[in-house]
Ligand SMILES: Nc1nc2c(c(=O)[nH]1)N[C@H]1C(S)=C(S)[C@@H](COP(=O)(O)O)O[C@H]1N2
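This document starts with one chain, in the form predicted on its own, laid out as structure tokens.
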């Protein structure tokens, strides 16, 4: 089931070919904890740059005592390689639910702008240690060569994370994905992986790391990926750190059955995923098959770490008629999903972590 669009499965939900943007099909996400590169979601703002491994260099500068210019060979040989299993999720995941409430521009992402892989590479903190971070530093900014025409003015994609996060052992400059070299559409030859943060902070094709006192002024940090007030026109918003997105909120979704599926009455296994807030664990997922009148606890698997989604399932009797299935999650710090999407509406459609609802039609068996 391959397409010619970056070797992706034919059932990917492709929203745009240039730049390439595609959502993972729920069936693929339900297959296993790890998402194959052929099914991993893609969010790009500019064309995929042409990678030249031999000539690729990552510059580390700014508030450092020893500026660096690292080749891929340097990353492989000067630093210890580490693995982390991590789920990445687009800030616009589940935007389609908010678009049904009010007009929001952008791709109508469902719950499939989420995928999980084994990433291997160099811990960012070890690179920063080699550069000698100065005491006045507070943020680490990343830049890549892909030019995003939607930015004003058009510019390289960039983002930043706090230094405190950058120094955590889970943050990598990744060279491989699921044991293979990074595919071009996923950031080859090297990308940042920031587990627990929105996917936009895991910058692909990274070639510049700047240690700074303040967050990046790049369009995608200071303007694009922010939660704006309900009455603010995104085209008139002023740049700044207020509302900038970082850690993801607790969230969950039903993967199977899919919205609009027709099922025969009887016993069915319902599956899905849940993600905790940064660094926590999923403590509970509750599922209702009667529109929220009654709830049952789902069976949870055991993720390898706090950065990986928790997969869940429950077996329930479905009766003839229109059936609404709802799931909600709580993490180990007692963060819970809010009930109503309407309370979360914002003009860019970010951060929808309300109770997840899907509807199926249940028919007579046979």
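All figures in this text were calculated on a predicted structure; none of them were measured in a lab. Residue numbers count along the first chain shown, from 1.
FYI, the form predicted in complex with this ligand isn't displayed, but the following is about it.
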> So, in the model of the complex, is residue 225 in contact with this ligand at a 4.5 angstroms heavy atom limit?
Replying inline: yes
**Message:** Can you tell me if residue 44 lies within 4.5 angstroms of this ligand in the model of the complex, counting non-hydrogen atoms only?
**Reply:** yes
Checklist entry - Does residue 94 make contact with this ligand in the model of the complex, using a 4.5 Å heavy atom cut-off? => result no
Even though this ligand is not shown here, does residue 90 get within 4.5 Å of it in the model of the complex, heavy atoms only? yes
Interface check vs this ligand in the model of the complex: of 259, 83, 126, 146, the one with a heavy atom inside 4.5 Å is 146
Checking 211, 175, 200, 250 against this ligand in the model of the complex, the residue with a non-hydrogen atom inside 4.5 angstroms turns out to be 200
Given 311-319, 333-341, 293-301, 33-41, the stretch touching this ligand in the model of the complex at heavy atoms within 4.5 Å is 33-41
